[in-house]
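Only one chain is shown below, in structure tokens, and it's the form predicted on its own.
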């Protein structure tokens, strides 16, 4: 029977099979490849093609070939792009840094619990389950300088000496308000990631450390954190890529204002594409973001591989 199959004949039949077995795997993979081509590869190639054209839908002029002109305009002439990149970098570095510190600390505390851990973790994860648009609307109400509860709390704690500030209208604090909202929503994600890594550590290591006289702090610094560091690196990479694409909270809270003080690179790209209708310019900006994210991901993945090699030695 195996010989008949290899020859392309079905058992009990005298004629060749219409589908040869060697082409069957290709046919099974073909639907997935077509879907991937339609939703990933084609848009990527089309966007890369648009980068070399100047195509303004607000005018009746057709697309004009400008080679690398869009990239030169973005990198050397567009100060608003660099302002958005600076805001995004601040949110990535400070915001993700706070999420890692708070998430790791809270995960260590939750990991020490013996009772009620499941309930506490379920409550902690509530912010992650809220849609970013809804979270942005909630914080917009909280930050409201007239009827928001935050200024009332500040006024109560200071005995009426400080009536609070206009969180979303003051250029000096509007970006901080966005950062606080993002940290509140996504710190539970880091808690979940780190907690999963902590629970994967064998209890025998801690028991051996306690027998050797190690304190709880020494166990954390010399056992828990080194072993959970690869998991933390993965969490940092995921959160950095997500924060680099931050749009929902910015759109809900400030819409990039006041002025352009809180514009992120994702929001500025949205303005260029869906407000100003500059297709070629927007495509070039999207490609620059893709390059930056790819470089950051490459650095972190390389660092993780080096840690794995050290752990295997």
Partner chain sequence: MTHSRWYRVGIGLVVIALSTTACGGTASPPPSASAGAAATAPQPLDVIKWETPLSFGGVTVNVVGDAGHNLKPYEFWKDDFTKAGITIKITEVPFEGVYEKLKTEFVAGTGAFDVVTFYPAYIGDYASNGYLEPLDGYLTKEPAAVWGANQDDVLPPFRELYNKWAGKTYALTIDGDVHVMIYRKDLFENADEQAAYKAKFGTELRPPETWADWLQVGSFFTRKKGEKLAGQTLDHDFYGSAEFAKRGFSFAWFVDRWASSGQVYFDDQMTPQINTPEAVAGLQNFVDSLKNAPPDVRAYGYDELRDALLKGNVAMVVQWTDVPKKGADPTQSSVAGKLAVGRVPGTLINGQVVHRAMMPVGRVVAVAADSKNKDAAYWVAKHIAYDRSLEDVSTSLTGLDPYRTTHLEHPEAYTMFADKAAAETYLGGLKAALADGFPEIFIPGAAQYEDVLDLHVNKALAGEETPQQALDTVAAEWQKITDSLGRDKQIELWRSALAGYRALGLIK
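Positions refer to the first chain, counted from 1. What you see is a predicted model, and the numbers here were worked out from it, not measured in a lab.
The discussion below concerns the form predicted together with the partner chain, not included here.
Not displayed here, the partner chain is kept clear of residue 201 by more than 4.5 Å at the level of heavy atoms in the model of the complex. Residue 103 falls outside the set of residues with a heavy atom inside 4.5 Å of the partner chain in the model of the complex. Of the heavy atoms in residue 241, none are within 4.5 Å of the partner chain in the model of the complex. In the model of the complex, none of the heavy atoms of residue 36 sits within 4.5 Å of a heavy atom of the partner chain. A heavy atom within 4.5 Å of the partner chain in the model of the complex is found for exactly one of 94, 176, 120, 208: 120. Residues of just one listed stretch (231 to 239, 105 to 113, 193 to 201, 218 to 226) have heavy atoms within 4.5 Å of the partner chain in the model of the complex: 105 to 113. Not one of 42, 298 and 308 places a heavy atom within 4.5 Å of the partner chain in the model of the complex. Applying a 4.5 Å heavy atom cutoff to the partner chain in the model of the complex picks out 184, 188 from 175 to 191, in order along the sequence.
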